[in-house]
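Only one chain is included here, represented as structure tokens and corresponding to the form predicted alone.
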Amino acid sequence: MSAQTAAEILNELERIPLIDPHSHINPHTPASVTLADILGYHYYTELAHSTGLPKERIEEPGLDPKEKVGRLVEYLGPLENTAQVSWLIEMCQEFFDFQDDRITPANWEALYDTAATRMARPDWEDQVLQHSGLEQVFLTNEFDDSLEGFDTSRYVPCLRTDDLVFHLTKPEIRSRLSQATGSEPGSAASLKAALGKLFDHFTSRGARACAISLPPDFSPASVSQAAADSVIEAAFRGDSLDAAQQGTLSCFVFWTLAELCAEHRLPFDLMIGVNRKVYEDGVFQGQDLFDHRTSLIQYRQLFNAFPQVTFPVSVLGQTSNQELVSYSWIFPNVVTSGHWWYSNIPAFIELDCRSRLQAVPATKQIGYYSDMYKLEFGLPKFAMYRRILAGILARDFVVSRNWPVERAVALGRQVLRTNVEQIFNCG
């Protein structure tokens, strides 16, 4: 009964138009041009590298796209058990009429050519969005993005703030901030004003969120303008800052961003716990890992200080998910958000999703986001999540708790679509 019920629920969930609340899509070139854009996704390059493909053969300057795909295909065999390759096969079957269940040295060139022909169609982007059931895709915009030249009702701006919080000591970041705001900050007050101009620009172009990726050792705290002034002056003068001064600067900027989120009524997406460049010789985007030293207790001051700001929180590890469930259980402004990066495989999604559905209010869960760099990945990633969600709803709610199927579907719709609309004000 559970399998039949899950299929019935899945059929209904697949009818729901989706809003993807976090991606890395470039709105000027959102869809792929060749299969190299797909196989060049860091999941495949880092897995192939870990299996023995030298980094130099993946990242060789001027490498022809077709040659790159051929090199990666040689290493797909040991990866066929992975969820990531299941995305690849499903994508190729859905978009390119691929008839096989494996990509091999014998069939990849025909697949490459078929994909290139399809991707060259002038309406390819629209086809991908329609077939994937995606209505809107949230972006990850640099703070100095002009936000021009694309449809912001389809590709929704989101202000990404990592550089502002952690890299203002770099001359190039300070220069970009000055150019974007037409100002030369040198004090706490002038830096606040400059950050306010960024928020005004983004919200005027339809931005629906502010976002940041946070390292495991960061603990946000309020810093007074008086305490921040000398550090900000030194940073914008180009002086080197010691660790304590850097911490003061980062906390001041971060806290100001939270204040501006409150003022502009924007959610503040927190992606917590990534430790950068753990594997220093890894391929591009294949160097970072999660760190169990992270605890949400580090954010207690923030959550308490800004009850009017909604914080969608993403975490990387299983123990962090249990902590997130508890925080979202207690704090009205903390929301569980997606299944991020290393947690984005079915075994982890199922455990994390079940715990959230059993413990967190239904209105406080953002079920899934793609984190994709190219549009084609929206289809297999959301398909994976919907299948898992349908199975959980069938087993834990219809069979175990005697819910009608319609009620279980309504819960699925809540976490897939309704909450995204309401939390991010996507009216």
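Position 1 is the first residue in the sequence shown; the rest follow in order. Source: prediction; values computed, not measured.
Keep in mind that the form predicted in complex with another copy of the chain is missing from the display, and what follows is about it.
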property: Answer option from Y327, W108, W255, F98, heavy atom within 4.5 Å of another copy of the chain in the predicted complex; result: Y327
property: In the predicted complex, the residue from Q245, Q322, S183, T169 that sits within 4.5 Å of another copy of the chain by heavy atoms; result: Q322
property: Candidate stretches 131 to 139, 225 to 233, 192 to 200, 77 to 85, one within 4.5 Å of another copy of the chain in the predicted complex by heavy atom; result: 77 to 85
property: Residue contact check: F331 to another copy of the chain in the predicted complex, 4.5 Å heavy atom; result: yes
property: G286: touches another copy of the chain in the predicted complex, heavy atom cutoff 4.5 angstroms; result: yes
property: Interface membership of M91, another copy of the chain in the predicted complex, 4.5 Å heavy atom rule; result: no
property: Heavy atom of S178 within 4.5 Å of another copy of the chain in the predicted complex; result: no
property: In the predicted complex, residues of 330 to 351 near another copy of the chain [heavy atom within 4.5 Å]; result: I330, F331, P332, W341, Y342, S343, I345, P346, A347, F348, E350, L351
